[in-house]
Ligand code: FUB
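Below, in C-alpha cells: the form predicted on its own, a single chain.
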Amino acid sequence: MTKPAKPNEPLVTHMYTADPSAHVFEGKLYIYPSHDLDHAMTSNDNGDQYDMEDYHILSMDDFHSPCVDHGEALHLRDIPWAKQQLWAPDAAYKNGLYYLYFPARDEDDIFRIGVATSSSPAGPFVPEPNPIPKSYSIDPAVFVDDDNKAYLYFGGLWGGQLEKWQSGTFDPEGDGPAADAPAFGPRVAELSEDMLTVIETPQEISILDEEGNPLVAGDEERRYFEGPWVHKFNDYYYLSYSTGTTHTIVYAMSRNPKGPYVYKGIILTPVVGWTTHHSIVSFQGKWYLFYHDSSLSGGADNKRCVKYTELHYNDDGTIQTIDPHRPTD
C-alpha cells in the first residue's frame, strides 16, 4: 500500500508497472498493468527487453486513497501454453466473473492471447489451458457495450507480429505495407457469451481521415501502431491507440464498435521513454486517462511506471490534448 498518488505521478514506486488498463469494479478503481522486471536486458525493435513474468493488480477506493498492490494475480509458470513475455493485459466483468486477457509467446515464439478467470477483480486468476482460438498478436482490450455484447480488440506492429498475419496464417517473413498503402489497423472480434472465445474471425478495423481515405502506413503521426482501447461517450465509440514511432496517443471516432473510425487528434503528447500505452475510464463523474512513462527509472524503457490524469471533452465530443509534462493543480 502506498500514499495517494497525485496526477502525473507514479501510482506505485515499489515496483515497475506499465500498460495500465483501468476499470471500475465494485465501486473501486482497479488497474491491470504489466509488471516490468528490474533486470538488465538488451533493447531491440522486437521488444526482447520486455520480458515480464507476472501480473500484479492495483486498486484505489478513490483518488484520495492509497493505491493497493494485491500481489501476484497470475504468473507465467501457471499458464500451460505460454513460454514468455506477459505483455499488456486487460480485464472485463460479465456473468458474475472477472476475466483477465493477456498476450504471451507460445512454444513456437508466436504471440497468442489467453484468458484467465476469477471471482474477484483482484484475483488470483486461473488461466484457461489454451490460448483463445483465432487469436494472435498483442495488446488485448475488451469493451462490453450497453447491449452486453463484448468485443476483443488487439494487435501490435514490430515485436507484436501483426505484420506477419496478413495472409490469415503466421508468416515469419511477413512485412508491413508500403508507405503510400493503407496502414494496418487493429483487429476486432465479438466474444462468446462465456467470454472465453470469439464467435467470428477477427476483422481489421479501418481508420480513415476526415475525407474518408484510409490512413497510410507512412503517416506515422496518425497511423495505428499498438495499444488499442475502446470506450463510449455520448453514443460515440472512441478508438484510441499508440502511434509507436512518433510516441503519441491518438484517437478516432465511430458510431459502430467495429468501425470504420475517423481520426480526430492527439490525446497524449510524448512521455519520457519510447513506449506509450494507456486506458480511459469514467469514475465518480469524471473521465481519466491512465498511462505510463519511464520517469521512475530515469528513462529505462523496460522499467516504467503507471500514472493518471484527468481527461476533458470539448462540446463537440472531441478530446482535449494532454501534455504529461505540464504541472497539474
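All values reported here derive from a predicted model rather than from experimental measurement. All residue numbers are counted from 1 along the displayed sequence.
Just so you know, the form predicted together with the named molecule exists too; it's not on screen, but the next bit is about it.
Colleague: Report yes if any heavy atom of Leu100 sits within 4.5 Å of a heavy atom of the named molecule in the predicted bound form; otherwise report no.
Modeller: Taking the distances in the predicted bound form, the answer for Leu100 is no, it never comes within 4.5 Å of the named molecule.
Colleague: Quick check on Ser279: any heavy atom within 4.5 Å of the named molecule in the predicted bound form?
Modeller: No, Ser279 sits far enough from the named molecule in the predicted bound form that none of its heavy atoms falls within 4.5 Å.
Colleague: Does the 4.5 Å heavy atom contact test between Ala141 and the named molecule in the predicted bound form come out positive?
Modeller: No, no contact at 4.5 Å.
Colleague: Going by a heavy atom distance of 4.5 Å, is Trp87 a contact of the named molecule in the predicted bound form?
Modeller: Taking the distances in the predicted bound form, the answer for Trp87 is yes, it comes within 4.5 Å of the named molecule.
Colleague: Which among 64-72, 49-57, 22-30, 256-264 is in contact with the named molecule in the predicted bound form, heavy atoms within 4.5 angstroms?
Modeller: It is 49-57 that comes within 4.5 Å of the partner.
Colleague: Given a 4.5 Å distance limit between heavy atoms, list every residue of 165-186 close to the named molecule in the predicted bound form, or none if there are none.
Modeller: Sequence-ordered list is empty.
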